[in-house]
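Quick heads-up: it's one chain on its own, the form predicted alone, in structure tokens.
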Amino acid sequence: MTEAVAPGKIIICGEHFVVYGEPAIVAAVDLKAYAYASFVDELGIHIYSSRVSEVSLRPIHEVIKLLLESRNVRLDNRGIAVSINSEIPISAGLGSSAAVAIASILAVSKLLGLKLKKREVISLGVRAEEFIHGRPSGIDPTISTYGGILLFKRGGRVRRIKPTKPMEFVIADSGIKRSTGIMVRKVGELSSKYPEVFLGLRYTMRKIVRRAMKAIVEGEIEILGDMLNLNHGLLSAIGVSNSKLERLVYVAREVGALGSKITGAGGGGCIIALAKPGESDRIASSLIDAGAEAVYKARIAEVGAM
């Protein structure tokens, strides 16, 4: 049996607009997906999990087939079983499906004695995401593979960002499940309806991401908080927020968060709050009181999938 692990993620700034070629800042967090692969006597590819939805498991079957075909691997009279366990909430904007896919790809490649380059792992992870989301940017498989904090641009090179000060994020899950694909299509319809207005929003988000990156590199945590708040305003403007997400965002700010925003596609899922040093517990407690289904104090996962 072989084992692989891959982290989930939060988007610090830039979600949705990254689909249109704008930059985004994404960070791996220490909520992880685990995959275990082994040979079995029964022919075929068998995927098992008690904690991951069937919708997320179907693409794993397909990308493992792609991996076998791309490397001309013959299983002869045996099959492969992959067992998956994940700490990452499903349909919450934390990259669960990508982390599960990346961990599974790595576990199977280890079982077969294949040494995949990072770009090959990411490419297969993107294919898995396409089965679920339709037109993914590739940001989730990329950060799950690399870890740390990245500046990501669709179709471009990724750039690692090294913070000069530690950052404390609190993640609050609204408990509302949503589909990334549906939310991306909703924003796409708005973009098609008002192209000139949306172009202006894209320009504004680009400026927010650039200023947020500078704040991370130079340790300007208060400014980073302001950028999170501005980012959230744009996400509300394009229609991916709702009353519960707004409540969680504003409760976090009221109890001292430097900034707070939706992370991921919106429509449900999670918000993140940037805490001052030592104040994560108080913010987390207030978010539970405000109706969050679950709260996590997130640490940046410096190491990606392995």
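Numbers for residues come from their place in the sequence shown, where the first is 1. Model, not experiment: these values are computed from the prediction.
Although not depicted, the form predicted in complex with another copy of the chain is the subject of the following passage.
- Here the marked residues Glu69, Leu75 and Ile102 all miss another copy of the chain in the predicted complex; none has a heavy atom within 4.5 angstroms.
- Residue contact check for Leu199: one or more of its heavy atoms lie within 4.5 Å of another copy of the chain in the predicted complex.
- Residue contact with another copy of the chain in the predicted complex: Lys177 places no heavy atom within 4.5 Å of it.
- Taking the partner from elsewhere, Asp281 is found to have every heavy atom lying beyond 4.5 Å of another copy of the chain in the predicted complex.
- Another copy of the chain is not drawn, but in the predicted complex it has a heavy atom within 4.5 Å of Lys193.
- Residue heavy atoms within 4.5 Å of another copy of the chain in the predicted complex occur in exactly one stretch of 116 to 124, 163 to 171, 145 to 153, 222 to 230, and that stretch is 222 to 230.
- The listed set Leu234, Ile132, Leu111, Met213 contains one residue whose heavy atoms approach another copy of the chain in the predicted complex to within 4.5 Å, identified as Leu234.
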